[in-house]
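Quick setup: one chain, the form predicted alone, written in structure tokens, and binding and motion questions come after.
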């Protein structure tokens, strides 16, 4: 099996490409016990998370990853992933900086799902 850094890099590339192209397709990455904190609001469960992500107030977005750090996170094979970067939204020319943390857990079928997801814009 691939090491945690490789898995984290593949996940982040897939996640942001999917987010930028069709957020509806992110549903497969979450489960009913997954939690998303987007800025200050927490959302529990795949359906609620997908609703949150697909109703964000922009039409187009492009993530630019600046850094990616990963660590094994527990004895069950989880992976903690920290991403920093910038995103361009709609016609905005000035990118907004962000940080995002993912707690990936094995799904029992050789892949991973997002157990925890915390997203914050960095102001200032």
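Note that the coordinates shown come from a computational prediction; the quantities given were computed from them, not determined experimentally. Numbering follows the first chain given and starts at 1.
There is another form of this protein, the form predicted together with another copy of the chain, and it is not shown here; the text below is about that form.
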Exercise. Find out whether any non-hydrogen atom of residue 116 is located within 4.5 angstroms of another copy of the chain in the predicted bound form, and reply yes or no.
Key: yes
Quiz item: So in the predicted bound form, does residue 36 come within 4.5 Å of another copy of the chain, heavy atom to heavy atom?
Solution: yes
Quiz item: Even though another copy of the chain is not shown here, does residue 97 get within 4.5 Å of it in the predicted bound form, heavy atoms only?
Solution: yes
Quiz item: Any chance residue 74 has a heavy atom within 4.5 Å of another copy of the chain in the predicted bound form?
Solution: yes
Exercise. Would you mind picking the one in 56, 80, 48, 86 that has a heavy atom within 4.5 Å of another copy of the chain in the predicted bound form?
Key: 80
Quiz item: Out of the stretches listed (88 to 96, 23 to 31, 56 to 64, 36 to 44), which one is close to another copy of the chain in the predicted bound form, meaning heavy atoms within 4.5 Å?
Solution: 36 to 44
Quiz prompt | Contacts with another copy of the chain in the predicted bound form, stretch 92 to 124 (heavy atom within 4.5 Å) | solution = 97, 99, 101, 103, 105, 115, 116, 117, 118, 120, 122, 123, 124
